[in-house]
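Here you get one chain, nothing else, as structure tokens; it is the form predicted on its own.
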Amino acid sequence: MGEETRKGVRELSPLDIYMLLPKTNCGKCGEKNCMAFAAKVVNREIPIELCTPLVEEEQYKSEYAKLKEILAPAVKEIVIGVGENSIKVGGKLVMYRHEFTYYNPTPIAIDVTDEMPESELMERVKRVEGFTYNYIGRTLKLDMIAIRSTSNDPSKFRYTVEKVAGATRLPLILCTFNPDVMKSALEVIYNRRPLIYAANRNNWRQMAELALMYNCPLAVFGQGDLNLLSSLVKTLLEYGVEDLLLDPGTFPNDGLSETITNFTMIRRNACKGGDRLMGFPLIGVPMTVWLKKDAPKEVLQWKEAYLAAILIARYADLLIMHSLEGWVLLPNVILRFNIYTDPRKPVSVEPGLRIFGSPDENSPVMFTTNYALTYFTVESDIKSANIDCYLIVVDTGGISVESSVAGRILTAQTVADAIKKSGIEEKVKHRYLIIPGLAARLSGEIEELTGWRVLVGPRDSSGIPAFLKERWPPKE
């Protein structure tokens, strides 16, 4: 346990923030008054720096410093890379997602080595950059390249790092325990601010010197020993290295329970125990499954896939992986996306009118809600059937059809308002509206409020093509 503790994010109230603000209600932050500003700061909706008098005026210097301290996340935010290609890791405020939003989704790095043939090396980098998947309107990607020195040859590692750096702008991790090998690579790409991996009990002083000399973040490797990890962190902080990441060791197979326990204890100590020595981003290395050479490739890929999923769910802030197979990576990038959405704000799309194909004045008009999963499912079914139609996306705050009807968020009035705002009445000469089957109970009220005739559509959007074939155009 560390000597210092911090006030937990759940203990903070708007009044805690307000008491340290100028309390002039100047409005420069865009809020009506300082209390309204304080409420948004506590919820992490806006940064404290928007209070310009607090930041710029000398008389508030002490208050600003106190606010920065009490608002600091339990897990420090570290930047790897530079500019628009940089990645932030850590920055967690709480241990459990239901307590508050998780920030900075776990980046996934794919490894290459300095003993790979150059053609294989470049192809692997290309595949990392080319991995994309569209999921409910968001493009999911891989994030980093981890370059490992398996040769332990400074010149060979330097050459490989130069080749990779020239082929991609993705942030880089340099992996070797040999300070001389690490230095040879940092000399040529330190301006990319790579992550130095890693300092251990034997090389910490030399790695610390490199981190300070080249202003790069440093990973600390504890190999399953949390006391050693804590001791190394304390020593490195006293040495002047502040941007640290922690690798407590990833042990597959028989060591899996120990791995999960170590990750959990570190995060609990940081978030619940206020241990500042443990308040740094955690590195998980699922690729350690590949150390077992005699197992079939597919088995190792499967083990790496589930180990990555466990580590994403159990507090890893960065992963280093080997497999590039889609079935290994896709479940994990989707899991990551879902864990790192804001639980206070459903994933939604912009409301309004969508036009599919080349509809005319006689084409069908439908509506759905702006819950992202609902919308993109409906969109996919319409596009795959090549339907020419209009779709009104009603704003329900990102809630699905059935839930928003049950909660009286989707009502006849909200549908009527959406019809009027969409301008659809100027685009079609008929007045027939196809509504989701799950909103059937609203049909009578919608007809009364809008003057449109309602056709109750299928409960699932996959039934839209068959429904239109049978019921459109409507028979008078």
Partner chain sequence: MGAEKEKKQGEEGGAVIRLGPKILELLSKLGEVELEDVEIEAEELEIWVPTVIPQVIPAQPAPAAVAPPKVLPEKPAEILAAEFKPLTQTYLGRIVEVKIGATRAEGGSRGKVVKIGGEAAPSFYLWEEVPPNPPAISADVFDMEVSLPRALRMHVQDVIGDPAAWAKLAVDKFGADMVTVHLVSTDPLIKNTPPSEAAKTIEKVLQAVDVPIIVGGCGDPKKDAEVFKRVAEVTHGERVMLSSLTLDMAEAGILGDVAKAAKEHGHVVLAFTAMDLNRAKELNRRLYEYLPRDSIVMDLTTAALGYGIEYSFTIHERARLAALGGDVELQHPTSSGSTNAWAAREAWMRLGPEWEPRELRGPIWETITALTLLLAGVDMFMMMHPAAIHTVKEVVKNLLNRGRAKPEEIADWVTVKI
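Being a predicted model, the structure only gives us computed values, none of them experimental. In this text, the rigid core denotes the largest set of C-alpha atoms whose superposition between the two forms falls within 1.5 Å. Positions refer to the first chain, counted from 1.
Heads up, the form predicted together with the partner chain isn't pictured, but that's what we're talking about next.
Could you check which residue among Asn104, Thr341, Ser363, Ser184 gets a heavy atom within 4.5 Å of the partner chain in the predicted complex? Going through each option in turn, the one that passes is Thr341.
Check each of Gly398, Pro73, Pro154, Pro351 and return the one that places a heavy atom within 4.5 angstroms of the partner chain in the predicted complex. By the 4.5 Å heavy-atom cutoff, the listed residue in contact is Gly398.
Please state whether every one of the three residues Leu15, Glu77 and Ala199 places a non-hydrogen atom within 4.5 angstroms of the partner chain in the predicted complex. The answer is no; none of Leu15, Glu77 and Ala199 reaches the partner chain.
Does the 4.5 Å heavy atom contact test between Thr24 and the partner chain in the predicted complex come out positive? Although the partner chain is absent here, Thr24 would stay clear of it in the predicted complex, with no heavy atoms inside 4.5 Å.
With the partner left out here, check for me: in the predicted complex, does some heavy atom of Ile355 sit within 4.5 Å of the partner chain? Although the partner chain is absent here, Ile355 would stay clear of it in the predicted complex, with no heavy atoms inside 4.5 Å.
With the partner left out here, check for me: in the predicted complex, does some heavy atom of Phe131 sit within 4.5 Å of the partner chain? Yes, contact at 4.5 Å.
4.5 Å heavy atom contact, Glu258 to the partner chain in the predicted complex: Taking the distances in the predicted complex, the answer for Glu258 is yes, it comes within 4.5 Å of the partner chain.
With the partner chain taken in the predicted complex, which residues across 256-279 come within 4.5 angstroms through any non-hydrogen atom? The stretch 256-279, when checked against the partner chain in the predicted complex, contributes Leu256, Ser257, Glu258, Ile260, Thr261, Thr264, Met265, Ile266, Arg268, Asn269, Lys272, Gly273, Asp275, Leu277, Met278 at the 4.5 Å heavy-atom cut-off.
Quick one: core overlaid, is Val401 moving 2 Å or more at the Cα between this form and the one not shown? For Val401, whose C-alpha is compared between this form and the one not shown after core superposition, the shift is 2 Å or more.
Verify the C-alpha shift of Tyr371 between this form and the one not shown: is it 2 Å or more after superposing the core? Yes; Tyr371 is a residue whose C-alpha shifts (by 2 Å or more) between this form and the one not shown when the cores are overlaid.
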